[in-house]
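Before any questions on how it binds or moves, here is one chain, the form predicted on its own, in structure tokens.
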Amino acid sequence: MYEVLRNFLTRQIDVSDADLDIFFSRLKLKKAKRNEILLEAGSVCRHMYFVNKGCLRVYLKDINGRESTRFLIPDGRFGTAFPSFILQEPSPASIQALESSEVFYLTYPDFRQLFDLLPQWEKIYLQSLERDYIMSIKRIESLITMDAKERYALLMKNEPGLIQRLPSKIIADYLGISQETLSRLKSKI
């Protein structure tokens, strides 16, 4: 059950089985249905997720109901509505399972307790935070400096499986392009 997470953790740090058992004891498993909302906008995010299988998205809606995907969390990664989770205040974003998904989650109190219980947790957290921050900055930069073809090629390079797995509407939204443009790009590549 913990194989994907165990592999993720042991690639990051040297950790004993006893410490892994402590970490795993804090986790709860949730099986989410396709399109299930795990966090409604306006609610406080109480969970940090690790996607064991599937894909989550963090998204916003504007006043006209148009959705904007802020972040994708594919299998093998941690993610959450970060500002809401850390500050424990209402989130402007929602979290949705884009596929039938298995996610492990940590509650906010367990997340904080792990820093005291497992010194390695800080390293895992910091590495994940750094990677996600860099990915976010690169995504913002790509939206500013690249055309649609370049952004699509970058996603193909970094996350080729997502393009096959996720609906075109979500991919187009994440890339900041129309579905028609995405369709043209797919047909050319």
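Here the structure is a predicted model, which means the values were calculated and not measured. Just so we're on the same page, rigid core means the largest C-alpha set that superposes within 1.5 Å between forms. Each residue number is its position in the shown sequence, starting from 1.
Quick note: we don't show the form predicted in complex with the DNA, though the next part is all about it.
The closest heavy atom approach of Asp147 to the DNA in the model of the complex falls within 4.5 Å. Residue contact with the DNA in the model of the complex: Gln12 places no heavy atom within 4.5 Å of it. In the model of the complex, no heavy atom of Arg6 sits within 4.5 Å of the DNA.
The DNA in the model of the complex is approached by Glu180, whose closest heavy atom lies within 4.5 angstroms of it. Scanning 25-46 for heavy atoms within 4.5 Å of the DNA in the model of the complex gives just one residue, Arg34.
With the core held fixed between the shown form and the other one, Ser168 has its Cα displaced by under 2 Å. A displacement of less than 2 angstroms separates the C-alpha positions of Asp14 between the shown form and the other one, with the rigid core held in common.
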